[in-house]
Ligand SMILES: Nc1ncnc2c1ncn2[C@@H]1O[C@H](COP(=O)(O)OP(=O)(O)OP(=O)(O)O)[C@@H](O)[C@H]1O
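Below sits a lone chain in structure tokens, taken as the form predicted on its own.
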Amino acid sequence: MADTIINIKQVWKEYGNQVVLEKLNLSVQTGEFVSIVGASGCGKTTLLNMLLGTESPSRGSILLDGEPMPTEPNATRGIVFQKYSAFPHLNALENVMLGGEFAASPFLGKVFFKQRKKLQEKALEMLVAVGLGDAATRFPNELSGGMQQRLAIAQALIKEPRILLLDEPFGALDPGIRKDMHQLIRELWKKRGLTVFMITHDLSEGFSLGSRVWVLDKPRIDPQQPERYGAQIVYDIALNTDQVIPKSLQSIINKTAQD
């Protein structure tokens, strides 16, 4: 039986008088792939940021392996954004190496001799794993959108995180390239035993990739005070390969499609 890696207990997130998220109570087992869907502005990215550690709950707690979530990002969690994060003056190999260099040498951001050679080998292995082995010496402006997103995934995985956070990573890609990226992320998830949290506006993507889907929405609405209530997980669906999108999600699907 898999161990619980994340526990979310009575979590609220507020900014002043604005309630973004409320009453979140969830647990995630090691190796799950959680797709997070919902309309724009419902707090999906806020939830992801709390899992990353760049934001903290206003109330409640998020536990990692039973301990309070670190208040800053660390090697436990890697993240991939929709916008590419490569440094334009570094080639693909150097971009992937950078995370390891700063971890080993926070002040210089550089390693040398045997340590550098070892890091180069590891970074090249990561590029090969994401299908960029032949593009190691190419610069970001020489890479297609799909290749740049593969590079971003390699950057996120170089520190061997246990948790991978994906913030709409495939939204800007063409359908054909997106299909290839789906296959890649599925393979990496299974081979590396990752626990994955992925935000997506594409419900079919969320259902086809995830082993579990969280649907964020506001079950309580006050027209006079729209910021009074926050979003909750209104559906928590465990998936299998034959799962279809429930008809009861239709109103949320419509709202998501309009954003």
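Residue indices: 1-based, along the sequence shown. The structure presented is a predicted model; accordingly, all values stated were derived computationally and were not measured.
Another form exists, predicted together with the ligand; not displayed. Remarks below refer to it.
Between 22-30, 42-50, 189-197, 63-71, the stretch whose residues reach within 4.5 angstroms of the ligand in the predicted bound form through a non-hydrogen atom is 42-50. Contact check at 4.5 Å (heavy atoms) against the ligand in the predicted bound form: all three of Tyr15, Gln18 and Glu168 pass. Although the partner is absent here, His201 sits close enough that one of its heavy atoms falls within 4.5 Å of the ligand in the predicted bound form.
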